[in-house]
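As a starting point, one isolated chain is supplied in structure tokens, in the form predicted alone.
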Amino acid sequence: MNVPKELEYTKEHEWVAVDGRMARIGITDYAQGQLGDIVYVELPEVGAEVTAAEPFGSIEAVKAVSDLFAPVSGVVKEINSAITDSPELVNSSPYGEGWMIVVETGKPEELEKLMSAEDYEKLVETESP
């Protein structure tokens, strides 16, 4: 399982790359592995507002459909349209080409609630059979 140390994480298995007030968001390697082959991703429109801990879209795999939860509140500034055409990028490159959205955070203090890579690894260990 790949857990890049420079990223922040959520209990819902999203990762966040923070750059000032901008937060690039995707799902973790663990999450894509649990979902299996991803066949469809639904993302919000640019300009949409998202709220921390609330769904911002959904991801459909052969096995299941899951909500995507916003790690932070803010305005969607960019979406990765490549994954709507090629959702398998989320499986092959969850931290690279498979990113989901970029949000301009409206509440920077929410970033402090994110988990470190070490804490996320401990969470996954407790969830793994």
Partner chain sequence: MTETAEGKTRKTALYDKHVEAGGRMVPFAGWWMPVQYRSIMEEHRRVRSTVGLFDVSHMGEFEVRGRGAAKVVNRWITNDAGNLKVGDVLYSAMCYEDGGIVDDLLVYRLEDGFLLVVNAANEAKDFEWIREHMAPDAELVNNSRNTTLVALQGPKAEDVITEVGTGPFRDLGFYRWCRAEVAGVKCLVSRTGYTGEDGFEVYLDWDDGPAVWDALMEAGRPLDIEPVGLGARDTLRLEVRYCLYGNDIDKTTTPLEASLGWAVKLDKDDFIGKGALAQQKAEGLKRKLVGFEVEGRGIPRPGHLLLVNGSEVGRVTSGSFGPSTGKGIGMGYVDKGASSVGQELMIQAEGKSGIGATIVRGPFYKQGSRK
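Numbering follows the first chain given and starts at 1. Please read all numbers here as calculations on a predicted model, not as lab measurements.
The same protein also exists as the form predicted in complex with its partner chain; that form is not shown, yet it is the one meant from here on.
- Annotated contacts: Arg24, Glu97 and Trp99 are all free of its partner chain in the predicted complex [non-hydrogen atom within 4.5 angstroms].
- Checked against its partner chain in the predicted complex, the residues Glu54, Glu78, Asp67, Glu49 give one hit for a heavy atom within 4.5 Å, which is Asp67.
- Using a 4.5 angstroms threshold between heavy atoms, Ser73 stays clear of its partner chain in the predicted complex.
- Its partner chain is not drawn, but in the predicted complex it has a heavy atom within 4.5 Å of Asp85.
- Not displayed here, its partner chain is kept clear of Glu104 by more than 4.5 Å at the level of heavy atoms in the predicted complex.
- Taking the partner from elsewhere, Leu89 is found to have every heavy atom lying beyond 4.5 Å of its partner chain in the predicted complex.
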